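One chain is shown next in structure tokens, namely the form predicted alone.
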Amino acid sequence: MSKENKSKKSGSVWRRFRRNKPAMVGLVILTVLLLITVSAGFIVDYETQVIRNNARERLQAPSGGHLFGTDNVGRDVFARVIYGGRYSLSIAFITTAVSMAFGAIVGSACGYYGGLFDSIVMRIMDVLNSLPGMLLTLAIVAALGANYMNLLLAMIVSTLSGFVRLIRSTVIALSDVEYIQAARSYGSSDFGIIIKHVMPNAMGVIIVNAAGSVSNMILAAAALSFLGFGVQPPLPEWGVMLSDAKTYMRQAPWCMIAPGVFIMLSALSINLMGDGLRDALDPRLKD
């Protein structure tokens, strides 16, 4: 595909995506969330408002001094929420990116070549797929210890099989189409065919599923941290904040509402974008 054709195709996808109002709302919400979390260091002070206890200001209701109130040890909930986004969102995006990259390499090789390599990899994926994702993640974290890096590793392992299977099936469907056979007849290498022809045409399906995966990973990371198997206190991850606040949910509901709303907004925005991308990348739809 020439650069001009690629540019036209990208422009067509963007126009269809832009016309989808819910998808644009999701894009705006996610952009705002990312900007707030990335610039958290310029908005609030980490040491004094996120980590340090201040018993004199504990469980204060939302006010001008504390937009989302304070928690049970006097820490600013707004500061912890925006810093917590760094952990929650990074877990989701890193997990999906690594799983997708591994799935692209292994899944495309399995789908394109088949044979013994494909059989061995698929049996390994069958084993991983036979275990519930949450249970597998809990088992790995329990074995390695609960912290940020081990949670990342556990969630990557639990999501690998889905991406490998998805990309393998997509590559198999594309391997025998006419333009792939034409590329083979011109003497193109297998690597070149996969990179230049197979993967670009599989990206629509991959991107849409990756969006859904990011949303699921945000919820899974929060759930695992809530249960004590993820990021550990006093680090300000959204699930950790919910866990800390559950004891005071009647006395200080704002401690649970703030991180809960951010979890909901982040997952909702990505789901809306995923729906918009699915429609925008549908080749049956025209401008």
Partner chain sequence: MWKYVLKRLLLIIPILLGVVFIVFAIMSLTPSDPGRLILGISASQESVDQLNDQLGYNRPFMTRFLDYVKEAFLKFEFGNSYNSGKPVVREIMNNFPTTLKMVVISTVLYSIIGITLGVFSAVKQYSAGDNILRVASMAVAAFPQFWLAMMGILVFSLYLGWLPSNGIDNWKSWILPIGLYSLSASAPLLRLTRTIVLEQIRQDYVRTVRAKGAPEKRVIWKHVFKNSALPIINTVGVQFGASLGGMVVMESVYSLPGVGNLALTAMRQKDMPLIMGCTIFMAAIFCLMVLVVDIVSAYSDPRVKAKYAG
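Residue numbers count along the first chain shown, from 1. Small disclaimer: the values here were computed from a predicted structure and weren't measured.
If you look for the form predicted together with the partner chain, you will not find it shown, but the lines that follow are about it.
Contact check for Pro253: a non-hydrogen atom falls within 4.5 Å of the partner chain in the predicted complex. Among heavy atoms of Met24, none comes within 4.5 Å of the partner chain in the predicted complex. Under a 4.5 angstroms non-hydrogen atom cutoff, the partner chain in the predicted complex has Leu138 among its neighbouring residues.
Although the partner is absent here, Asp126 sits close enough that one of its heavy atoms falls within 4.5 Å of the partner chain in the predicted complex.
Between 89 to 97, 141 to 149, 107 to 115, 71 to 79, the stretch whose residues reach within 4.5 angstroms of the partner chain in the predicted complex through a non-hydrogen atom is 141 to 149.
Only one of Leu59, Ile43, Leu219, Ile29 lies close to the partner chain in the predicted complex, with a heavy atom inside 4.5 Å, and it is Leu219. Distance criterion of 4.5 Å from any heavy atom to the partner chain in the predicted complex singles out Met249 from the list Leu34, Ile51, Leu67, Met249. Annotation: in the predicted complex, residues Pro132, Met264 and Asn271 each come within 4.5 Å of the partner chain through at least one heavy atom.
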